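Coming up is one lone chain in structure tokens, specifically the form predicted alone.
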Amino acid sequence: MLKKKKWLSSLAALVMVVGVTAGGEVASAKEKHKEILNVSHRGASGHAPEHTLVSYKMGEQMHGDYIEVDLQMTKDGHLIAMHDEKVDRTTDGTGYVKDFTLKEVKELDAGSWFNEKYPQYADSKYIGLEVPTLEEVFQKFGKNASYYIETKSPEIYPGMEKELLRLVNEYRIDKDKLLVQSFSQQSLQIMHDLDPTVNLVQLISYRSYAEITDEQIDAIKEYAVGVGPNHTYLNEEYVQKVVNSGLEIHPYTVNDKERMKQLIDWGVTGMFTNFPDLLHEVKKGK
């Protein structure tokens, strides 16, 4: 009888340990989902014209954690929100941003193209939307919003980093909620030299499964807090190596819920998506 009681007692203890462990793992998995940074890629660009104030606002409403702004620079030195070096794809204009004055950029229609390309999301209010300046974005969303800003083609725009920092300081943007990213290591080094308190992310454009070496990680850690690789070419080993090094990893651009879940399971700390509402659902366990 004593042996039986001992066995039952041991079994109960084992069940309790397993239950606590399993419960802890479930809780841990839920917490991991909650902590993932939801970066609204070009705003909620799956739903509205990218890099417009409407898209950025929609990203906020869909629980995006960061307003992501790509920067180009006009002929007269203004930083504007646009992904491409040319205005052709996302406006009714033609030519390179660097050849336009801000006044000329403001005359472009930055919304109608979206209605034509994505009729399922079309809205008459998108017709005639303007290309915003970075200054207008700061004015609209304020100093306490979280911004994820990319210096695009910085080799074409000397002084881009200095102007970015000037606006950040002028509008007293909370630097704890600011991330600056670039594919250009040189641009990030310039930002780091101008203000080492700004948190930087090194974008990486791998076109095949690739390893990241300890030497590369150590070099990036000299100036950046994280990396942003293309999610298409990631594997779990790569993600774990980066995370275990102490760097953040925010892959781009993830628009499928199953892929979002997989990347979270692998250990990413955030991701870019055109559909922040989908990532929000994943984070909520839906």
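In this text, all values refer to a predicted model and were calculated from it rather than measured experimentally. All residue numbers are counted from 1 along the displayed sequence.
One more form of this protein should be noted, the form predicted together with a small molecule, which is absent from this view; the next part is about it.
**Student:** Indicate whether the candidate residues E68, F183 and F272 are all in contact with the small molecule in the predicted bound form, with contact defined as any heavy atom within 4.5 Å.
**Tutor:** Yes: each residue has a heavy atom within 4.5 Å of the partner.
**Student:** State the residue from L203, L188, V198, L134 whose non-hydrogen atoms include one within 4.5 Å of the small molecule in the predicted bound form.
**Tutor:** Partner contact (heavy atom, 4.5 Å) among the options: L203.
**Student:** Name the stretch: of 144-152, 188-196, 106-114, 121-129, exactly one has residues whose heavy atoms fall within 4.5 Å of the small molecule in the predicted bound form.
**Tutor:** Within 4.5 Å of the partner lies stretch 144-152.
**Student:** Does the 4.5 Å heavy atom contact test between Y252 and the small molecule in the predicted bound form come out positive?
**Tutor:** Flag for Y252 set to yes.
**Student:** Does H83 reach the small molecule in the predicted bound form, with heavy atoms at most 4.5 Å apart?
**Tutor:** H83: contacts the small molecule in the predicted bound form.
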